[in-house]
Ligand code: DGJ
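A single chain, nothing else alongside it, follows as structure tokens in the form predicted on its own.
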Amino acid sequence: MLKANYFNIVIIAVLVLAGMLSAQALGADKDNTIPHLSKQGAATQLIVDGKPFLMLAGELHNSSSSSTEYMKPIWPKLAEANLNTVLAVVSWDLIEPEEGKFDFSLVDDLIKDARRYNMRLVLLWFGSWKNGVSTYVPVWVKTDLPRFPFARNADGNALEILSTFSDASRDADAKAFAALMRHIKEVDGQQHTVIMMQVENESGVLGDSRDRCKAANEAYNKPVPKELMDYLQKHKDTLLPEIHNAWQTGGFKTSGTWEEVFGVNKPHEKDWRNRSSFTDEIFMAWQYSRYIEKVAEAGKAEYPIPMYVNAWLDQEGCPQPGEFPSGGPLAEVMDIWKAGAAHIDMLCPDLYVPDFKARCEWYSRLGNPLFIPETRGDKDGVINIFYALGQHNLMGFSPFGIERIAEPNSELAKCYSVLSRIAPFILEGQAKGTIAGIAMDDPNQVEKVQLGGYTLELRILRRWVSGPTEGPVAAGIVIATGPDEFLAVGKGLMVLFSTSTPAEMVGFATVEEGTFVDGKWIPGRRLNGDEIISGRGLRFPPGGYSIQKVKVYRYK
């Protein structure tokens, strides 16, 4: 009898343990259902509700989301413009007007309204910094400078910028951000309306190349922190050229002050930007990355959805650190940010500058996933999405001031409409590496890409070009969907096919114009003759975007 009871107890214990392990496994699976980034073949993609998600987004003006009433007429406009994601501000001063007392009513309203219009949210945490300055911090922070000190310039004057050398500022920001993330998990942890967080906004010092408060000056003249030196030595062979060349200028020292390690503040002969204050920029990049790392870490401890930082870029008119926010997550200091902010998933460019393609290339280095949280929303800006999607596995695109440009017949609305219909194919093409994208503004420009065993030659559809133009006038995406099969979308574009085999020609078995409705192909015209340039290639007139399914064959 005793043995039987003992056996029963053992069986019960085993069952209980199995149940606990099963519950833990289910919990892990459940955690894995929250929005997260995942390596999908050749691309890193945002996963929402278990599936890759392409953000066709727009960012509101800074103050729009501070009023639920103000937003009421805006939400239907955003829906009519075919957005699936809205970037909206959550500001520290409004959620913590008194220290330790939080008000999340505006956050709750944003989530409810986004659900009502079947949209996702990316929330922008305007905490310690927005556009480099500290205007969104609570009044109780702004008015207590002994506790929350400002940065100072070379003249000793205070800048309205919280200093990164204040643990009190960092900890207060982190506490508020953690409270926000805890609340989002409570109200949205199951429905996943909020899919990503921006931590701060365009951080960096404006008005000088670095913070020159007493603590900053002392740190600048102390040895470079061991954590950063360890990173540099570990990654010496894969460092980006900007940091590699700066370190080389200092003789690849393994210890020393900032100027001893990276050289004094003078132009670096091999530095691609020829920065006159590049060492200051590196110094501040480390300080900002470490500060923001603590904020992001506190938030992710509560709810670990993807988090990113965004950069105000150097450009004509503000080429030097301090003219743009010095130390922010610019491409040239990406190595420093990677070393300092492990809980930040992406460094993202606010892309208003003319060299769009080059910036996409720079921000795709070191395995950094590309998301463009701010950009131009006019017709010449919107069309750049095709290039970034096809060439750099872009996971999201977000013109700024979206409520001003979101109209049903706008270029953005038309673009998002067609892209939403082929989004699953875009995401699959990114993962498989079977996609190419183009945006062109030069009638003489010719782009050649290898795709699906063929050479594709992409040009502006010449008969529609009468002279010099400004901005891109042609764009498109081509995806290899199977052997000799392609899906293409574009406007103002001509696509020619060839092979590498001498004398081998490419013919078109079928070219079908149509669309997708709920994932199902709805055929339209069967194109031939003039519509396929007499059998020479695909033709996408400039009047609007069209989708074509193509099957080709080879002959000699």
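Residue indices: 1-based, along the sequence shown. Since we're looking at a predicted model, the values are computed, not measured.
This protein has a second form, the form predicted in complex with this ligand, left out of what is shown; the following refers to that one.
Proximity to this ligand in the predicted bound form, taken as a non-hydrogen atom within 4.5 angstroms, holds for one residue of 163, 289, 310, 430, which is 310. Of the candidates 293, 374, 96, 403, 374 is the one whose heavy atoms come within 4.5 Å of this ligand in the predicted bound form; the others do not.
Proximity to this ligand in the predicted bound form, taken as heavy atoms within 4.5 Å, picks out 347-355 from the listed stretches 347-355, 333-341, 99-107, 177-185. Proximity of residue 201 to this ligand in the predicted bound form falls within the 4.5 Å heavy atom cutoff.
When contacts are judged by a 4.5 Å heavy atom cut-off, residue 62 counts as touching this ligand in the predicted bound form.
Taking the partner from elsewhere, residue 131 is found to have a heavy atom lying within 4.5 Å of this ligand in the predicted bound form.
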